[in-house]
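There is one chain below, alone, in structure tokens, taken in the form predicted alone.
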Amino acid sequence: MNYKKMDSNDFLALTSIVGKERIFIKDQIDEKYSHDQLGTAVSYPEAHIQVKDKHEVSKIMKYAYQENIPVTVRGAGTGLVGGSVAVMGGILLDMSLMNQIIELDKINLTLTVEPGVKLFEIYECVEKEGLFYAPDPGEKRASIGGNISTNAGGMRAIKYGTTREWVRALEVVTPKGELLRFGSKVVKNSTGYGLKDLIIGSEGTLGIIVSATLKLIPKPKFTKSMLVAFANREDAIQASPRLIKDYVLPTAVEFFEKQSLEYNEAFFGTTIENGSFNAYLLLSYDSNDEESLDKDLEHVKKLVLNQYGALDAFIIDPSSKRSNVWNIRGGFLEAIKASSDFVDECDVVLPRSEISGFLSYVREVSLKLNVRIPYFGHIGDGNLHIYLCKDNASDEVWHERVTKGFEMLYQKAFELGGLVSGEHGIGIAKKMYMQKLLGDEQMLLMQGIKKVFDPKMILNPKKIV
């Protein structure tokens, strides 16, 4: 597409919409707006605009559509695949000031929010009312708009599903500047095509989310965790599907190895009690009956020790020092990033039955390419986070290693029935691997959907399709 190069007339027109305090051009644009959290894609917009309401978004999109100016939407900037990077220049639409909680509806059990509201703010708002929003991505500073745009999952997906299952309605500005509402507060909906679900996971390529109505449930009264230690990774991995099948469904099943704890201790200076074992499963269970929950945990403890090959199991008391294990688990990415000068991520999702074989292959790739590859993951739902570390290699060597490494890892994942991304999205970084997996026919279908929503292809160009 031939997009317009912005000029002084464009800047004046956009300034008339938002005021000069919320538009930044050329050298005024801060470096952090040229990349996302991981920084694999770097590109500056021609204008960085902070919007405060949906009407400003609508006016900006009408102008951009008229003038053929590309627009990229950005929330908190915590993405990992370049989805919020303005790779074609144009306008970077910053939603961070659209951060109001609009309505908590205790009758319909919904929360309506603007897209810039942070995940932790949602938890704080609803949990004090005894309500619960279940999606639990690791990055709690992420915006809800970004979570919806990537269909984020997180640790509780095994029991409660991904973000998609928790969105009742979306208010969306189209590339033409029209304001549309998809869905409602209602529980059931069989009214035409599921346009809401097309927007979820579309990474800002079809429309701009300006408000979201989220589903809530009563908050489980009790949540307790268990740390299960194993002699090796294979025993831990094999225990995971048995835990899910044999007894009460866990809220979360996380897998990590001793190495991840060592990274965390080096970066944060924190560790866990009983942190000397080779591999771990971190389990969480919830219930409204504490006595029943305690009985379940004791039964799970007997299962893992007597039947699943665990060496030890520690029920985590929230008041003890062990309770920091979830914070430590949440810090693994930052700790791994701190261990190298640069990292890139493979966010594959696989059938649970194939995880052990895939991780064995990961170690083969690490040895073959001479690249360090730490990993951890939401093993309960098959979503692994695998990191290739540059470790001061030259740019040329790193490019060769990471290119070859990703080719090998994704090809193996595809052979095992896996998909490119479990929750971080495609953006620009994983686009070529998705195209290889899905093939021409599915890509044509996606491109057709994109063209219906965005005939001029101005919204987040070069992403996904």
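Quick note: we count residues from 1 along the sequence shown, nothing fancier. Given the structure is predicted, the values throughout are model-derived calculations rather than measurements.
Just so you know, the form predicted together with a further copy of the same chain exists too; it's not on screen, but the next bit is about it.
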Tell me, out of L369, V248, L303, A313, which residue has a non-hydrogen atom within 4.5 angstroms of a further copy of the same chain in the model of the complex. V248
So which of G357, G275, P351, G309 gets a non-hydrogen atom within 4.5 Å of a further copy of the same chain in the model of the complex? P351
Answer yes if any heavy atom of E262 is within 4.5 Å of a heavy atom of a further copy of the same chain in the model of the complex; otherwise answer no. no
T191: touches a further copy of the same chain in the model of the complex, heavy atom cutoff 4.5 angstroms: yes
Given that a further copy of the same chain is not shown alongside this chain, does S202 nevertheless sit within 4.5 Å of it in the model of the complex, heavy atom to heavy atom? yes
Decide whether A64 counts as a contact residue for a further copy of the same chain in the model of the complex under a heavy atom distance cut-off of 4.5 Å. no
Where, among 72 to 80, 162 to 170, 94 to 102, 226 to 234, do residues come within 4.5 Å of a further copy of the same chain in the model of the complex by heavy atom distance? 162 to 170
In the model of the complex: members of 426 to 440 within 4.5 Å of a further copy of the same chain, any heavy atom: I426, M434, L437, L438
